[in-house]
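Here we start with a single chain on its own, the form predicted on its own, put down as structure tokens.
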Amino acid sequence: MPDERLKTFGDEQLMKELAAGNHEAFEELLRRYETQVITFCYAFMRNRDSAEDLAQETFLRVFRNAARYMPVAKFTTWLYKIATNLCINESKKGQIRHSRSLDEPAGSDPDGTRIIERLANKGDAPLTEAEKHEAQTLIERAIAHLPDDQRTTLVMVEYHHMPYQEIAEILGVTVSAIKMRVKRARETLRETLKILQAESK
């Protein structure tokens, strides 16, 4: 029978159990985070199979490194750092894709608006559904042109609504650097969108 106690354990406790050879602890970590990690990878890849493969590799590395895991940061920060590095490596192979619509609330982002609305010129009339679809397609193309560091940061902010502090810990940079990347990414997006829009006419 499954060890029901494990459901009450914190993530760090589960990692200790896993390091001691308790494979049920690994199953509990999978239950908690597998779907989230697949979704996270899917935002980068836009391909379900690739996302599942990357998620599987992420948890395989968790399993293999359980004995060396040191809880200096939250388990989820460590987990997403592994997933992020795998996604970045995959993106460098030219396989970067984007999945979820960017026409969604930007969560804890400072102005709390939608990226499509933010990138539109102020004072413009609200976008129609057809215009939103076209804008979304252009934005996804524009994001694909971003430098790796800006693209990775923007995906974390816009798709996953991660706090800047956590993103900084995952990527190993300062919060100020994250804010600058987001600022530059949005500026680059605006300029790239102008070019793409001109090409599409």
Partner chain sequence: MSEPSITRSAPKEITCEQCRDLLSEYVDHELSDQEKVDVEHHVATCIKCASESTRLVGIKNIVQNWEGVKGSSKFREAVLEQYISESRMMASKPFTDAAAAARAESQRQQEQETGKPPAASTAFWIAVVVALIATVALVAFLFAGE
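Numbering follows the first chain given and starts at 1. Think of the rigid core as the biggest set of C-alphas that the two forms share within 1.5 Å after superposition. The structure displayed is predicted, hence computed values, not measured ones.
One more form of this protein should be noted, the form predicted together with the partner chain, which is absent from this view; the next part is about it.
For the marked spot (Ala55, His161 and Lys183), a heavy atom within 4.5 Å of the partner chain in the predicted complex is present in each of the three residues. Residue contact with the partner chain in the predicted complex: Leu30 places a heavy atom within 4.5 Å of it. The shortest heavy atom separation between Leu60 and the partner chain in the predicted complex is within 4.5 Å.
In the predicted complex, at least one heavy atom of Arg48 sits within 4.5 Å of the partner chain. Although the partner is absent here, Asn22 is a contact residue: one of its heavy atoms lies within 4.5 angstroms of the partner chain in the predicted complex. Of all the residues from 6-42, those having a non-hydrogen atom no more than 4.5 Å from the partner chain in the predicted complex are Leu18, Asn22, His23, Phe26, Glu27, Leu30, Arg31, Glu34, Thr35, Ile38, Thr39, Tyr42. Superposition of the core reveals a Cα shift of 2 Å or more for Glu187 between this form and the one not shown.
When the rigid core is held fixed, the Cα atom of Ile178 travels 2 angstroms or more between this form and the one not shown. Whereas the displayed form keeps them at a certain spacing, the CA atoms of Leu189 and Ile88 lie at least 3 angstroms farther apart in the predicted complex. A shift of at least 3 angstroms brings the Cα atoms of Tyr33 and His160 nearer to each other in the predicted complex than in the displayed structure.
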